[in-house]
Each structure stands twice: as structure tokens, then as C-alpha cells.
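Single chain ahead, by itself, as C-alpha cells, in the form predicted alone.
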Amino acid sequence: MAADALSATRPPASRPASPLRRLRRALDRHWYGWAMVLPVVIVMAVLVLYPLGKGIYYSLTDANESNVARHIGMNHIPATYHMVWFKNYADILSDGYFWGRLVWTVVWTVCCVTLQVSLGMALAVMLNRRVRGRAVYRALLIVPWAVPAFVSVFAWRLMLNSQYGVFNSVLTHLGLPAQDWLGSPTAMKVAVVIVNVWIGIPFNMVAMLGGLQAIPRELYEAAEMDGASPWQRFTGVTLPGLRPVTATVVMLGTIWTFNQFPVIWLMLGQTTDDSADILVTAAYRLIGSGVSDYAGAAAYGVLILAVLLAFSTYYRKQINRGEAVS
């Protein structure tokens, strides 16, 4: 009887609000924030979501240069392409050319990011000390980042020219054989890695330098009082202090390098040997040579996006797990 009386006096449980009601409540409470975000959302929808949706749609068709809608003079020719669903993906994934480009893209990304991060960290550690002319060194080291990429690439093409480039002049002066930097498959891969590392070092250096300056000096003083050597201070204080910056730099560098189109294409795009092509330049060749294969290039783009999404998800989980353990 007491339990019945208690349940009779208890207020009825409120029903959870519907999604539409929660959205309306959020708009009423935070309308100013929504108004500030709305232009960005519109721009992102126009510049990112619409092309992404269009690309996914084309990847499911047999669209090419001959069957898409086009104008010839005053005449409009309608599109005649059809849905083929996942045929393009099956063709690409069953072709050894795609897997060869994927392996080289991964190798290219790992080499470039490793060298960029390690060299950027080394330069940041040196510039974090009190040295004479530190501001001048810092400005000079940022120059590769400030110069437009196509200017840097064309300058490197001149330096790597097999006939009158400065690199071969140095090699022959040292008694070493000259290299066909822009013609030999192995030399081409080495050349594009050198150029991309040179372009990417300034960003890594600036990011690492900011991270170094955020590490409290008291930690170094305490480690020095405990008798830690410079290497022990680097591994015990510097590297753990740089971990958040390093995690972000590695993720951004991986995504940028994986899709680094300008360096590869401007250095080697006009050569007939496509052994140094990464996935994005291989996709571009489908459009730029012969009858443009829009569907195949779009399928390549979707596969590249899937690879990067898988990497980003796995990488963030590993970083979060490491932060939880520490």
C-alpha cells in the first residue's frame, strides 16, 4: 500500500524530446552562433559537398568525354552515359597498375613525412637556442614555404637537368657518374622526394618551434639538476612535450603528401615514364590523355578519399589511446 501511495504521488516521467524539437530548441538558444556558422556551411556545401557528391555519382557511371552533355556551336548534345554501379571500382582494384601506384604512394608519403618531420624538428631545436642572427636564419628557412610551389619546382628542374644542371656538375666534379634525374625511374623518385622535402620543411620547423617554446623551462632546469645529459633531456622532456604538435604535423603532412599533385606533375608530368606517378597524378592522366575517362578518374578520387579516411580514423584512435595511457 505504501509503494502504491508513493508511485501515485511521483510525477510522470517526461518523454524524450523529438529531434525536430531539440533542433528548434537549439536554434532558439544559440541562434547567433548558427547565424555566424551558416556562411561557412554554405561555402563548404558548394565547394566540398557538391563536388564530392558529383564525383561519387560519376564514379558509378561510364561517363567519359564522348558521352557527357556538351555544346557544339549552338547545338546541345545531351548526356548518354549510363549507370554501371561498381564496375569502375572492380576494374581498378583488379588492375595491378592501381596497386603499384598505391605502394609507391605509400612509400613516397612515408619517406617525405619522415624526412620533413625529422629535419624540421632538428632545425627547430637549433633555432630554439640563443644564437646570433636567429631571426635571419628563421626568415631564410621559411623562404621555401613562401615561394609558390610551381616556382620552386621549376627551379629544381633546372638544377636537376641532366645536361647543364648544378647537381650533375657537382657529381662529376666529385668523380661520380651523372644521373638522369628526370628520365631514370629510380632517379625520378629520388628527385621528387628531395623537392617535396625541401618544400615541406619550413612548415614542420615553424610548428615544432612553436611547440618547443611552449615547453616550460623549469622542466629542462629540473632535468639538468638531476644530472640528465643533453640526449636524456631531449628524449625525456623535448619529445614528450612535442607529442601533440608532432601528432598534428604527421597527420597533416601525410594527407598533404598523399595528395601532393603539383610536385609530381610539374616535375615529371610531361615525361612518358609514369613510374613515379602517385595515385592523384595517375587519376589525372585518365583525364588528360586520350578520351577523358571522367568515371575512372572519379573512382580513383573516391578510393583515395577512402584510404585517407581509414588512415585518419586509425591514427586518431592510436593517438587517443596513447594519451589515455600517459
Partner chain sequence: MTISSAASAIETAPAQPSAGAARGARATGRPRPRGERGPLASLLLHGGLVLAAAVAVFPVAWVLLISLGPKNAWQDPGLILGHLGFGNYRALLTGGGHEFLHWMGSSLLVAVATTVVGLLLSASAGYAVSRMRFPGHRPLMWMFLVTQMFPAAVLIVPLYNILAALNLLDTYQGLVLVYCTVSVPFSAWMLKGYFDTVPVEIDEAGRVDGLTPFGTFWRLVLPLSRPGIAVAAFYGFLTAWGEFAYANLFMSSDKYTLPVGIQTFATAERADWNLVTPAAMIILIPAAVVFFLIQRHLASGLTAGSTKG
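C-alpha atoms forming the largest set that superposes within 1.5 Å between two forms make up the rigid core. Positions refer to the first chain, counted from 1. The shown structure was predicted, so the numbers you read here are calculated from the model rather than taken from an experiment.
In what follows, reference is made to the form predicted in complex with its partner chain, a form of this protein that is not presented.
- Only one of 183 to 191, 90 to 98, 203 to 211, 103 to 111 places residue heavy atoms within 4.5 angstroms of its partner chain in the predicted complex, namely 203 to 211.
- None of 80, 118, 161, 235 but one reaches within 4.5 angstroms of its partner chain in the predicted complex through a heavy atom, and that residue is 161.
- Contact check for residue 244: a heavy atom falls within 4.5 Å of its partner chain in the predicted complex.
- When its partner chain is considered in the predicted complex, residue 291 lies well away from it, no heavy atom lying within 4.5 Å.
- Mapping the unseen interface onto this chain, residue 276 falls outside it, with no heavy atom inside 4.5 Å of its partner chain in the predicted complex.
- In the predicted complex, its partner chain lies farther than 4.5 Å from every heavy atom of residue 60.
- Annotation for 22 to 60: interface residues with its partner chain in the predicted complex are 30, 32, 33, 34, 36, 37, 39, 40, 41, 43, 44, 46, 47, 48, 49, 50, 51, 52, 54, 55, 58 [heavy atom within 4.5 Å].
- Once both forms are fitted on their core, a CA shift of 2 Å or more is seen for residue 23 between this form and the one not shown.
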